[in-house]
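Given as structure tokens, the chain that follows is alone and in the form predicted alone.
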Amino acid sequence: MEPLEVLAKSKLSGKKTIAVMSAKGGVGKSLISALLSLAISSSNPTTLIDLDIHTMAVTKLFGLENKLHEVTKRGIEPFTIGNLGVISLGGVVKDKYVILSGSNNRSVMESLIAYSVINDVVVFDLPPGLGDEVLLLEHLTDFVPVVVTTPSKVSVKVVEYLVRYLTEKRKRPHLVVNMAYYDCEGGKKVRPFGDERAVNELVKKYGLEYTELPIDPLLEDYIGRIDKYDGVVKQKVIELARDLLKPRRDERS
């Protein structure tokens, strides 16, 4: 095992690790990573590590673009928002684009983990797809997978690849259906991006636990200051955070 890999693995040893992931892009994965890590940090010191090293959306959500991480004797110091630490390649390269080959991808992700100062709960924001980042995390830690989709049939069909892979690896992904519905007067739910059928079939097929998140047009106003958002999506993500922090079936047995 390479020294960098050993160090990254030791950094995550004994920590609660949650990976927010999707096989499909554009489903709101980084937004959910940010809200989820904020929710968890209200009760546990938490670190959000942005492994989507090509888009670095996390820095944009928190308004951290063009800011640099401080490096001390402890390592790369996270940006701090209350009880939450945020680590991103954006804190190293600022707002420059990044193009890396496959082997360099893995090294950069390993380095972010190995050299950063991190808390006991770690939330990873992964890029879309099934690639090095999934294989790397599998190797480093026994993470809890949170798989994000929208209700659209094509999104659910693409996400099923990832769900199937994780299930075959004996992991139990928690499915998050983002932008699932509008809450309307009288408790009525309107579903503009697809009904529940495709999601329900996936949930039933793989025995998944799942959470639906509502649509909140006001969220867009909080890009760059997502930690200030206090709307309906946040309330549902707080419930999700509580569920994820409970001992899972395999941990209780």
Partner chain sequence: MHEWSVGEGILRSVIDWAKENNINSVKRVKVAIPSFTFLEADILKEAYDTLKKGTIAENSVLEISFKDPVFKCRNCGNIFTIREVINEVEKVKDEFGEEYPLHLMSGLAPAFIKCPKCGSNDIEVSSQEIMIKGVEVNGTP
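Source: prediction; values computed, not measured. Numbering follows the first chain given and starts at 1.
Keep in mind that the form predicted together with its partner chain is missing from the display, and what follows is about it.
- Screening 157, 174, 94, 164 for any heavy atom within 4.5 Å of its partner chain in the model of the complex leaves a single hit, 94.
- Between the options 118, 112, 137, 180, the residue in contact with its partner chain in the model of the complex by a heavy atom within 4.5 angstroms is 112.
- Checking 126-134, 143-151, 75-83, 164-172 against its partner chain in the model of the complex, the stretch whose residues place heavy atoms within 4.5 Å of it is 75-83.
- In the model of the complex, none of the heavy atoms of residue 218 sits within 4.5 Å of a heavy atom of its partner chain.
- Taking the partner from the other structure, its partner chain in the model of the complex has no heavy atom within 4.5 Å of any heavy atom of residue 122.
- Using a 4.5 angstroms threshold between heavy atoms, residue 247 stays clear of its partner chain in the model of the complex.
- Mapping the unseen interface onto this chain, residue 235 falls outside it, with no heavy atom inside 4.5 Å of its partner chain in the model of the complex.
- Residues of 224-247 are not found to place any heavy atom within 4.5 Å of its partner chain in the model of the complex.
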